[in-house]
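First, one chain by itself in structure tokens, the form predicted on its own.
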Amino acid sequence: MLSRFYLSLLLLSGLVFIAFITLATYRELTPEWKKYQAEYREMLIKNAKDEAAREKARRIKIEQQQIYLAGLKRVDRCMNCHIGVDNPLMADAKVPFKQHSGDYLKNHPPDKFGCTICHNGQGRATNKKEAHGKGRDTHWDFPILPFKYIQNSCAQCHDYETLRHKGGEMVVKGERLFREKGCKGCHKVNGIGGDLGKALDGIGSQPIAYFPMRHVVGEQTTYNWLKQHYLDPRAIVPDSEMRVFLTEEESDLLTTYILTFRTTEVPREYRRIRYVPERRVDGESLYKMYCIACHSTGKVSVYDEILKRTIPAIMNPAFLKNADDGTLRKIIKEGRKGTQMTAWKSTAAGLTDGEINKLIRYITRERPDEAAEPFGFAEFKTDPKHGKELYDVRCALCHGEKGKGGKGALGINLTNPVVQKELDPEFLARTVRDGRSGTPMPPFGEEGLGLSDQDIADIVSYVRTLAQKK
């Protein structure tokens, strides 16, 4: 009885093995690409205009099509299926027989450039699924590019002036959007920019595992991750502090541009990058590039639900009346520890002194002619203990206990080194006395909430001790 069981098991195993071998042999003898090449040949025979053309079509061999690109050190077999890519007779054919669009192959012949340099995908593959690299079980980090993002590949070889006029306008528009939406306010590129987000260098060359795909809808590709992240950052990365508000079209443009940030470079022989004079950047452009993402127009102070803090109105007349250029320079250069305000000096975010000066000139262009009335802080004998009593009643609600600010607090972090070490107590006293119209900071002086100058001096003296109480 037992021997019959093992005999049946052996027979079943043999049948499974034979079926597997038969299937594997069939797939090997009738690969997908052979079917396409046979269909292509039949199309040429059927549409031939004369017997000579028909006979020429009959002689087409069905065989592997492979391009070895020595300069790129890669092999492309895409033309196994896309065999009509350079045939004008296939202009109206269906994919994969269709002729390549436009006149790109005129200047980018397949035997020199191949296909994957522009389209991505797995060049060595010989079937559609693996060649396109799409699907979880293909394990390919750079699947074929959706057509709407294809222009990012052009930036590997061509400068922006060429792209602007010769088919790379999506990259150019994306780059402008990147500047005007203030992306470098949070992200470094080539060592310059904020440090709230990850540096973007090489992001277009990152493998799929670099991106958290859990919340991505649809195909889990870098392209989908980028676009969906721009449309709704917290839907893709729940704890993201990214402040961006884009349309569908803008998200596609920005995705196209960001994909140009690659670590790999094509060989010099492929590049056609001309020298283009460096763009002269003015103060307004710098503000858009580095400040606008958080400060918006800079006119109104608002509590931001994403960053969980109040964003100061740095172009508010009341602020500018009180803050001289030196004060602004200290704040911009050193940032504000404990907040999302990056230190923008050359050794941190990478701005030069000249660029910071341009920023200051732009921010202060509408500064009131009349300066704030002096306070005379140095003339007061202050009492920090009394200042603490007043602070706890008048200031802690917005600036937090011991001045640390934090989530939910409307006011800035007063323990910040810039506040403690760089800002003149005279400036702080004037700010408390006069307040900041258009912001949550009211005037606390006698013409406001009624504090005497002595009370204000005591509060400032207490604030100046907060760094020691952390």
Partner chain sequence: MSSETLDKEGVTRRDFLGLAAFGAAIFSALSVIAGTLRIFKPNVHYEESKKFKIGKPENFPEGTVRKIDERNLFIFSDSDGIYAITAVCQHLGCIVYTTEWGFQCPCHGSKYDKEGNVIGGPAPRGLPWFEITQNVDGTLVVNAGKEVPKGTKYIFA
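Residue numbers count along the first chain shown, from 1. Nothing here was measured: the structure is a model prediction, and the numbers come from that model.
Keep in mind that the form predicted together with the partner chain is not shown, yet the notes after this line are about it.
Of the listed positions (279, 365, 106, 148), a single one reaches within 4.5 angstroms of the partner chain by any non-hydrogen atom in the predicted bound form, namely 106. The partner chain is not drawn, but in the predicted bound form it has a heavy atom within 4.5 Å of residue 111. In the predicted bound form, the partner chain stays beyond 4.5 Å of every heavy atom belonging to residue 47. Residue 38 falls outside the set of residues with a heavy atom inside 4.5 Å of the partner chain in the predicted bound form. Residue contact check for residue 66: one or more of its heavy atoms lie within 4.5 Å of the partner chain in the predicted bound form. Heavy atoms within 4.5 Å of the partner chain in the predicted bound form are found in exactly one of 165-173, 94-102, 68-76, 353-361, that being 68-76. Taking the partner from elsewhere, no residue among 299, 343 and 348 has a non-hydrogen atom within 4.5 angstroms of the partner chain in the predicted bound form.
The partner is not shown here, and in the predicted bound form the stretch 165-187 never reaches within 4.5 angstroms of the partner chain through any heavy atom.
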